[in-house]
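One chain comes next, on its own, written out as structure tokens in the form predicted on its own.
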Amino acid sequence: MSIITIATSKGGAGKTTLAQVIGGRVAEKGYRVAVIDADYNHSLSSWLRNFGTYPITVEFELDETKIIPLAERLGETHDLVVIDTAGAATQATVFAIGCADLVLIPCQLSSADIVEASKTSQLVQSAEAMTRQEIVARVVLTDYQPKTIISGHVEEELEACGLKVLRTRLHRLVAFKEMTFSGKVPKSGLASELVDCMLDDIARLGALPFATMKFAS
């Protein structure tokens, strides 16, 4: 069992998109996936329930005292638990970070996103001190525009802040927006390739229950 928490103190950075593509693609591979929607907007749970595309167990939970027990219970019967947190530094987010095998911090190409990614990284450090164990965390660049001045600047700023960035970036692609209408993770084209590469990166970090499996073709 593995727990991946997606967290940032900034709304609109791409948390739900990350949760959708990770949960959906892993479920497509036949693994048992559960998600905990700890976001006040419950966008992830609504997406999963409205379309019913994937056999994913969905739990909506805002009570910080219930996050860890719920994750542990789901972990007993599922291969992967994904926790989508609120776009704010809540106590529930801290608990979700503390029980994670990997924390993914989505970050778009803006100064505000860099600031909030740094703040979320500090939350990870606080959770490490609280649990007295290392928590692996990576920034994931979302809505990414390659080979632009702003993308290079953002990456330099993240490095200057001491933040580790996942190798795969999720580009600004219509296919990721279309998920909100189709209920399906892209299965062809660049978007699909990026999702598979990202899951390979996550597997290499030991945060998937099938670390030797190669997703990308």
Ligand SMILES: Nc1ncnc2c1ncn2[C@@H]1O[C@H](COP(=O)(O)OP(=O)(O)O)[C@@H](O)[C@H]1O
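All residue numbers refer to positions in the sequence shown, first residue = 1. What you see is a predicted model; the values in this text were computed from it and never measured.
There is another form of this protein, the form predicted together with the ligand, and it is not shown here; the text below is about that form.
Query raised in the report: Does residue 195 make contact with the ligand in the predicted bound form, using a 4.5 Å heavy atom cut-off?
Result: The answer is no: residue 195 has no heavy atom within 4.5 Å of the ligand.
Report task. Answer yes if any heavy atom of residue 209 is within 4.5 Å of a heavy atom of the ligand in the predicted bound form; otherwise answer no. Result -> The answer is no: residue 209 has no heavy atom within 4.5 Å of the ligand.
Requested in this report: Determine whether any heavy atom of residue 142 comes within 4.5 Å of a heavy atom of the ligand in the predicted bound form, and answer yes or no.
Outcome: Residue 142 belongs to the contact set for the ligand.
Query raised in the report: residue 180: heavy atom within 4.5 Å of the ligand in the predicted bound form?
Result: Close contact exists here: in the predicted bound form, residue 180 approaches the ligand to within 4.5 Å, heavy atoms only.
Query - Residue stretch of 65-73, 171-179, 155-163, 45-53 approaching the ligand in the predicted bound form, non-hydrogen atom distance within 4.5 Å - result: Stretch 171-179 is the one.
Requested in this report: Using the arrangement in the predicted bound form, list in sequence order the residues of 6-34 with any heavy atom within 4.5 angstroms of the ligand.
Outcome: Heavy-atom contacts within 4.5 Å come from 10, 11, 12, 13, 14, 15, 16, 17.
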